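So this first bit is one chain, no partners, the form predicted on its own, shown in structure tokens.
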């Protein structure tokens, strides 16, 4: 019971120190905030372009249907219906990246079995944006043909789409989960690491050694404080992402699973933090290494894209990085409303957390004994 009281006292002391230390909080959250800002800017640049739609067949039903489908296509940032002259002016002024023209007599020609020509004017200032626009037109036409507005399908081809996940995830939401995992991991490393370093830098390690508390209790107290600080930081980030509409609201059960995954990630980070803190024993070195390590782990674990699309050698590396499994599990629970494969992810995180503690705790115990 006495060791439990000591454990809790150390947790409260380290959490209070963390809350009163703006520099520690800044080291914890600033790198993730900067990365999140960059990703949001990147999303704004790649998730869609403004386009103009010119419908010259104003009385045709098929033309009206095609205009409606193009106007509501989710790959466009903004699709506005303009006259031919207005669209040309906006295109020349770089206000739109593409102009779709539905010609006069489109509906009549289609009904009569003729082959009307629609025009798709694309600003190809870079191939990423241009290819997104080029891929948009087949999607729009496929939806138009499925609607039946064209009468008999002139292509004589039916397309059946089978998606891997039950629902799509937004580009920002997909990357936001990676930022949250990075934030949780870094919070654990920074807070547990700096809590360990602080004992040597302030000389309070001597007082701790003279107290009745066992070294293991002191170390676990620092890990506990790191885990709670990580859970608070990651929880605030996730709630903000859900409130902003970047991440869907999960069901109660999947929300609990997400909390378990965040906590296991925090244990891994805190175990690494204790190890780094005991080995380096200097605030500047621990802060610098924790930021660098978090960024490396973020990119190696598929922070900006699915690891399935990374080079083979990088996929092999990612298989040995714990936050790869945190990312996989959190994206499944929070973005795809699924728990498929989550037991494997949790098992790997439990193993990684145990390994981090089995290495970190003895290193700090050895440091305390000297």
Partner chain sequence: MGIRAAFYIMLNDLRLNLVSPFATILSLIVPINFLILFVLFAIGGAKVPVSVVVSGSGHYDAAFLQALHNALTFHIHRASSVAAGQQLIQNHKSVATIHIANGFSSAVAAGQTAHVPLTLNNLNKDFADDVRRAMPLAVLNFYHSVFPSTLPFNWKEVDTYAHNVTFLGYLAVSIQTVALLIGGLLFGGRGSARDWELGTMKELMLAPIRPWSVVAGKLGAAMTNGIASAVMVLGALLLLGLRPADWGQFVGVTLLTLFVFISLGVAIGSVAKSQFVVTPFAFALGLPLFFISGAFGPITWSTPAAAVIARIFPVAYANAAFQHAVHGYWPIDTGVGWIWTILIGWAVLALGVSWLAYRRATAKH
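Under this definition, the rigid core comprises the largest set of C-alpha atoms superposing within 1.5 Å between the forms. Positions refer to the first chain, counted from 1. As the structure is a prediction and not an experimental result, all values here were calculated from the model.
One more form of this protein, predicted in complex with the partner chain, exists but is not displayed; see below.
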Practice item. State yes or no: in the model of the complex, is some non-hydrogen atom of residue 118 no more than 4.5 angstroms from a non-hydrogen atom of the partner chain? Key: yes
Review point. Could you tell me if residue 35 has a non-hydrogen atom within 4.5 Å of the partner chain in the model of the complex?
Key: yes
Exercise for review: Please run the contact check for residue 304 against the partner chain in the model of the complex: heavy atoms, 4.5 angstroms, yes or no?
Suggested key: yes
Exercise for review: Check whether residue 169 has any heavy atom within 4.5 Å of a heavy atom of the partner chain in the model of the complex, and answer yes or no.
Suggested key: yes
Check your understanding: Among 73-81, 215-223, 250-258, 233-241, which stretch sits within 4.5 Å of the partner chain in the model of the complex, heavy atoms only?
Key -> 73-81
**Study point:** Residue (of 102, 96, 264, 246) lying close to the partner chain in the model of the complex, criterion heavy atoms within 4.5 Å
**Key:** 96
Exercise for review: Taking only heavy atoms into account, state which residues of 124-138 are within 4.5 Å of the partner chain in the model of the complex, ordered by sequence.
Suggested key: 124, 125, 126, 127, 128, 129, 131, 132, 134, 135, 137, 138
Practice item. Indicate whether residue 128 shows a C-alpha shift of 2 Å or more between this form and the one not shown, with the rigid core used for the fit. Key: yes
Check your understanding: After superposition on the rigid core, does the Cα atom of residue 88 shift by at least 2 Å between this form and the one not shown?
Key -> yes
**Study point:** Large Cα shift (2 Å or above) at residue 147 between this form and the one not shown, core-fitted
**Key:** yes
Exercise for review: Note whether the distance between the C-alpha atoms of residue 311 and residue 125 decreases (closer) or increases (farther) in the model of the complex, against the displayed form; the change is 3 Å or more.
Suggested key: closer
